[in-house]
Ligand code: PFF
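Presented as structure tokens, the chain that follows is alone, the form predicted alone.
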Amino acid sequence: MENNRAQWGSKIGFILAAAGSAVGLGNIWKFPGKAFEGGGGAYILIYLAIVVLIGFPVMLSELSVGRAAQANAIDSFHKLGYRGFRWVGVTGVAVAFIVTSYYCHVGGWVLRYVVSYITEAQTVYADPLGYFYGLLGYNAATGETWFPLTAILFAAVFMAVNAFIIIKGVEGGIEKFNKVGMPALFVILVVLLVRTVTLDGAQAGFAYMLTCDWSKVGFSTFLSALGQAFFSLSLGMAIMITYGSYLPKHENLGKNTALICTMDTLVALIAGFIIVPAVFATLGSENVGKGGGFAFASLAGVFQNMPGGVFFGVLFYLLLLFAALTSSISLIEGVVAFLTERFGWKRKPTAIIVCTLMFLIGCLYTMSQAAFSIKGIWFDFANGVSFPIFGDFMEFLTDRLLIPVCALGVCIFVGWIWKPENAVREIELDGKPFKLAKVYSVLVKYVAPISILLIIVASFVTGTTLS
């Protein structure tokens, strides 16, 4: 172990940071819609089972590898004596870089909406979809397109906040922010949940989410829940290996992993019990959706029809903002940790360079949105045909390929190469026996890798991402 290596200042700091990494936009704007489509309570039960059987063992494996090696995601495998598996860390760091490049711009959109609801909520209400398109540089009525300067400027501010936190270091930046950001996120969730409970007509939404409609459950439901749980927990992105490497040896890895998975799942569940009943009460059940378009455009109708809607709209986008920030800083840290350790670069210039490159590459993502959603100007080719060149390619590369391949590599490494016995030995360094050792061994060797292979094959066969 390197004596001068950064460490978490406290147990709660690590748990909040790791949970913050796992809690992202997908918990809030994808899970509710997926739960609605998958039969409410039926989907929730399937999702919980998958978190326990797959999410927990994979996360525990990544944390074990990181803490055992006390190194960044790429060098961890080498330090454990298996140089040939460095490709797993390389894949994870590449994922972190690519994902952050477009994630920081989506974070910028969220920041813009916080400001929009404070300053011009009525303008958003007047034409929710047109307002969102306008942010991306497109006028649906006239077909006019323009450079999306506002979106890019807000993305720059969002990325600057990330850089500031990363520069402050593990304990002084990431841990401190999450000690504020995660409690704030949960407070906002509770406030929004209380408000939803008081809405007339919300009871039908709560009843739906608590009822198991198995008629809506099919093979695709299991794949959807598998993908949601898998990607929601920030697996296969070099994050948990990096965060685990900052963890003292006396910490209980098994208990901490369970707490992280529980907090992440709790956010998704509360979000589901906020959004689905609120849409039932204000717009009708047929308007429940998921994704960015739903969060930025469709939900405007919910806040417009809700007493005090502007205030709760601000709270909702602040919730999204905290979720985006806690995830993005963990992604950036995985890249910065590798560069500073491998090449001896100083943290501050490294963070600034990495964040700047990510932001600039992400500008192409923002500019490509109008091109693949509508008929835009940025990637129009002969005969006026628009192609999803940049945005679709980045999401395809990460969601369908690199993330599951990286997590699969971790399972193969821990399950068959390094062996579960070594992982268990690392888990038990706190002096307490890991009672689920045998179950964990079976899950990491067989259940998790088979499930991940299923994600990879199904996503290519169906042609859709499962995150």
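Each residue number is its position in the shown sequence, starting from 1. Just so it is clear, the structure is predicted and the values come from calculations on it, not from any experiment.
There is also a form predicted in complex with 4-fluoro-L-phenylalanine (PFF); it is not shown, and the following applies to it.
- Between 437-445, 424-432, 25-33, 53-61, the stretch whose residues reach within 4.5 angstroms of 4-fluoro-L-phenylalanine (PFF) in the model of the complex through a non-hydrogen atom is 25-33.
- For residue 337, no non-hydrogen atom is located within 4.5 Å of 4-fluoro-L-phenylalanine (PFF) in the model of the complex, even though that partner is not displayed.
- At the 4.5 Å threshold, heavy atoms of residue 260 stay clear of 4-fluoro-L-phenylalanine (PFF) in the model of the complex, well away from it.
- For the chain shown alone, residue 330 is a contact residue for 4-fluoro-L-phenylalanine (PFF) in the model of the complex, at least one non-hydrogen atom being within 4.5 angstroms.
- Within 4.5 Å of any heavy atom of 4-fluoro-L-phenylalanine (PFF) in the model of the complex lies no heavy atom of residue 73.
- Residue-level contacts in the model of the complex: of 91, 232, 196, 162, one residue has a heavy atom within 4.5 Å of 4-fluoro-L-phenylalanine (PFF), and it is 232.
- This chain is displayed alone, yet in the model of the complex one of 155, 239, 358, 110 has a heavy atom within 4.5 Å of 4-fluoro-L-phenylalanine (PFF); that residue is 239.
- Taking 4-fluoro-L-phenylalanine (PFF) as positioned in the model of the complex, the only residue of 83-104 that brings a heavy atom within 4.5 Å of it is 103.
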